[in-house]
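Here you'll find one protein chain in two forms, each presented separately as structure tokens under the names structure 1 and structure 2.
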Structure 1
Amino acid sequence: MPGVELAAIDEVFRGDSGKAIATLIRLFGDIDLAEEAVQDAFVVATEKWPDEGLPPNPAGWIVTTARNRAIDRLRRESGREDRHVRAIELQIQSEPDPVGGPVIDDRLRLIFTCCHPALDPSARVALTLRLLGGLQTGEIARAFLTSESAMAQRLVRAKRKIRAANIPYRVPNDADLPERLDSVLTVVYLIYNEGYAASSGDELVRSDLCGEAIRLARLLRALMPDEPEVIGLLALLLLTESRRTARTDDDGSLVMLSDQDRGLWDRDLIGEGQTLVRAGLRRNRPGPFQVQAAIAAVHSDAHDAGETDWGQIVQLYDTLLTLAPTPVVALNRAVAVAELEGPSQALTLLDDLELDRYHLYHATRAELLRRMGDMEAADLAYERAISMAGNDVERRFLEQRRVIAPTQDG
């Protein structure tokens, strides 16, 4: 239908640019060429679609246009129709529909390519989020609690390393999987995180990313069915996803876990997730994703917030801290301690955490201070959290909490 809004084109970009880039990297073996060609294709889309209407298969249109742009660029750079360009054209002509069945495999190959051990671990994850998840550099920087300029430099270095080291675009052999697995799992987890609580925009959830992360986790489970952390990641995503419908009310406002209507939780996902948690634990090789899944399973056992076994959750966070001693894990443990022992004890746990760039750190401090009745300090913490929150839904929620009258539960 003619008259396509730019917002519709942006939705296609968010949902399909990662798939398109993955497909073009398979065809051309060049990350920069693939990125630039897909960007060119979307520029053409913004010029044509508003007048001509959305094509029947927007993702396929983008891949085809980007593929043609990439071939044109290779011809210009070679200065002639040389054998290299012709070989690529012949290869592409023999390829199946680039938007069909192999798309998911392409994305998994891209994850494994970017998670090559020759790259710094944080660079592996960041680059894959940029290419596969369609996240902007600023969004990735927020996930890593660093500046946008520093993250941009990290991404450039990672792509140069892939080119210089001639890292192949393929799923590695079985023997090579373990050394890449931690980074691969982290990528899928962070893709889901960005979908579950978008770092920017006017909606809390990006369902496209949530669904894609779960599909990738299932694909990894099929690839490595006996790996406990793969099982743990899938369990964690399913148990978290089971609560998604209850996280917002009718007008899209955020609903705290303690206030959610648990009748809206998806019991089928909970059942599958809990079964996976037990399957992972039977292997007796605990890892961070398995423990996080166990924490989510404890939450899913409680039919209302008052039944939550906070003692067990704190114990699980103690275990998680030994496996993944990060400030964010310590922050989440402090939230559980607040429920078990009160806000005063939890506040002392926050003092030494280096999370000043993390808006949820300030939001947590604000909530604990509010519960203690220290509204002046709480107000300052809320102000800091609000100024750092990139998502409009989270920002509105924090603004509403800021004006709630104090409660004492010391």
Structure 2
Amino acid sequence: MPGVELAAIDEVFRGDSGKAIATLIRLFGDIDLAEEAVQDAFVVATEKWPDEGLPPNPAGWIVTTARNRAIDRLRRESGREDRHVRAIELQIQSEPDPVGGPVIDDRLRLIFTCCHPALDPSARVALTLRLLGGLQTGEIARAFLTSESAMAQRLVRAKRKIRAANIPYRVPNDADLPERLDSVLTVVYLIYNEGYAASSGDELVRSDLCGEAIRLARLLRALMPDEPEVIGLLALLLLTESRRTARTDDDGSLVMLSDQDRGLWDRDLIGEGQTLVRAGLRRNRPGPFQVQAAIAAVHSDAHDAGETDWGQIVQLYDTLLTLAPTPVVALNRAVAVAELEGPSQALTLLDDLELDRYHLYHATRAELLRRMGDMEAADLAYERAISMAGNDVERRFLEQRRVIAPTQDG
């Protein structure tokens, strides 16, 4: 076999470095050492593989090489064959060979460590991307529109706390699991959202984040197949992802769900998402992600916007409100009510919400007022929404909506 391209090695890195780091952390109990050793192993790979070709099991090769490098590093640091190094060597000898061995559980442990509630929420996201997603610090910084040094600082601080406070490296016990799993799912969801939210950031890095979030959700699904909210999260991400190409037009402007070319929706992702929604519902333990996925599934059932079963969507929002009683959920429910009962009913619902500082609240009000023909009030609401919008794409979208003619239907 001829040599391999560096791009292929990059791909192995993205796919397998998380696995390797997770295993090394379990063996050595030291995140920095694990990261450095895995990095070392990939450096060796970029030297060897271009000539020698891929080994039969690249992931296993990386783990074995990284582990030997880590032992070398420890020996160099301690300057002798100390007990600590020998103990680790003994443990490794009693392990099954990583080639083909089940290393998957290590990643589950690691994601619970990365998403521990004792860590700052933004650090949870960054650590998960760094350690499980194999993203470089600079890539994470660009995705979150912050400087590389600030991101590096955030990662260093989180890793130091994990070590100093002895944050455990294991799957939480049953009593703590629901809450802790929530934190993990939220992190994966945030990673996806960060990639999905239209923004002036680097488009390539952003779609990468979506891909990474889906990869993590798939991993969780494989590791915890019976958790309905894990199924719900994966379904939600797949159904959202299915609309990615349809939600912006050629010049990058946002296209509303009702105006999207549904022929562009990815039917495979929809099929997989809908199957998962049903699989989740059968377990009869509803949760916020499952219900949001169910709402997305109802949308994806309709071949054009007019076919949408708004009655079912309002019902699902009722359920979601009992599970997650937040004003943002109530706002989304009101949008569905507008379709079912007309804009004036929805507008009454908005009056009770305390979302004055949320641009989509004003955008929704503007849209409803416009549909009722109250152009003056609509214009004011658009103005507020535009002044609060988080990025250029959304701002441009709202400016376009602001100037189109009224469509009185209420």
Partner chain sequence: MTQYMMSVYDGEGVQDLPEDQIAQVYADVDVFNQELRDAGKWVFGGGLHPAETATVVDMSGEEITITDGPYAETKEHIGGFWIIEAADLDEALDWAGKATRACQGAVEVRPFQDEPET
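Structure 1 provides the reference sequence; residues are numbered from 1 along it. Predicted model, so just to flag it, every value in this text is computed and none were measured. Basically, rigid core = biggest C-alpha set you can superpose within 1.5 Å across the two forms.
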- Item | Pair member that is the form predicted alone | 1
- Message: So that I can tell if Tyr361 moves, could you say whether its C-alpha shifts by at least 2 Å between structures 1 and 2 after the core superposition?
- Response: no
- Core-superposed C-alpha of Lys159 shifting 2 Å or more between structures 1 and 2: yes
- Rigid core fit then Glu35 CA moved by 2 Å or more between structures 1 and 2: yes
- Query: Once the two forms are fitted on their rigid core, how many angstrom does the CA of Pro178 move between structures 1 and 2?
  - Reply: 3.1
